[in-house]
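Okay, here we've got a single chain as structure tokens, the form predicted on its own, with questions on binding and movement later.
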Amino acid sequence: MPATDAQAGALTDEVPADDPLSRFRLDGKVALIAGGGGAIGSAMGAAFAGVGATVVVVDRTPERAAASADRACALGGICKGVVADLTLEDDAERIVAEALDAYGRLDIVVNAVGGGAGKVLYDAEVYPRDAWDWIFELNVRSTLVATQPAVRAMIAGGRGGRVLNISSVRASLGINAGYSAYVAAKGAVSSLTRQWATEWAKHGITVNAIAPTFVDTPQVAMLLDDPNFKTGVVNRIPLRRVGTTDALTGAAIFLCSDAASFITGQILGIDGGLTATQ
């Protein structure tokens, strides 16, 4: 079957002879960072702005959305902070419409809403329904709700696009720390990544995920503040340290750039070698 125009445009492997590194930049692209006010989302927004993207930062609180947008703008990018709850379809539709109204296109969606595992740790045999539902709402529903209108906009635009999800090494590795809902939710995110990549390839849209191990953010501070727990984590990681938000941004830029045009349906571990040892 011949490639569509969107496929041909999104899956080109040509290297510009005069500037081969330009394929790693995001100039002219509009990126929506869902959960852009959090530690990981804010780092993503700043990094994308730094390589030329126009960035729409979405968060539930005005202060965090504004702070992350300011951080991105400080790197010279065009940016916009938007307040929305991305577990709500109406909010997701609205922020996509706002991005299109402001910039005329949408090329990238990064799903950085998620986490929460350290706040609801329960033994598997007594894991409560309300905590389970909250983790799935935060990690799976937000990913679905934010992505659907964004991808519809990409399909309508006919230029292909990029979807980047944030999964976790816990999608494939258990941990003896009350993580039943979290590992199941991140497993669902990884499975959705592969399914969406399969369905949306015909539109020239690639879908990938990064799967970090522990990243030093406020969300997991309670766990990492326990010296015994942190020592146990670090000792299982060959590089002998937990991750940082900056360790994630290079891979995110790559997977959303033209340099990764022939990569889709992949879950990239960013884990200091942890999964290589399991």
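Note that residue numbering follows the sequence shown and begins at 1. From a predicted model like this one, the values you see are computed outputs, not experimental measurements.
Quick note: we don't show the form predicted together with a small molecule, though the next part is all about it.
Position in contact with the small molecule when the complex is considered in the model of the complex, options Pro149, Gly77, Gly81, Gly115, heavy atoms within 4.5 Å:
Looking at Pro149, Gly77, Gly81, Gly115 one by one, just Gly115 meets the 4.5 Å heavy-atom criterion.
Here the chain is shown alone; which of Ala181, Ile166, Ala99, Ala72 has a heavy atom within 4.5 Å of the small molecule in the model of the complex?
Here the answer is residue option Ile166.
I'd like to know whether Ile253 contacts the small molecule in the model of the complex, with contact meaning heavy atoms within 4.5 angstroms.
Flag for Ile253 set to no.
I'd like to check something about Ala197: if you look in the model of the complex, is any of its heavy atoms closer than or equal to 4.5 Å to a heavy atom of the small molecule?
Outside the cut-off, so no.
Wondering, does Arg162 line up within 4.5 Å of the small molecule in the model of the complex on heavy atoms?
Result no; Arg162 lies far from the small molecule in the model of the complex.
How about Thr213 - does it come within 4.5 Å of the small molecule in the model of the complex, if we only consider non-hydrogen atoms?
Flag for Thr213 set to yes.
Heavy atom distance at most 4.5 Å to the small molecule in the model of the complex, all of Ala39, Leu138 and Gln219:
Heavy-atom distance to the small molecule in the model of the complex: all three under 4.5 Å.
Looking at 167-175, 154-162, 99-107, 199-207, which lies within 4.5 angstroms of the small molecule in the model of the complex, counting heavy atoms?
Checking each option against the 4.5 Å cut-off leaves 167-175.
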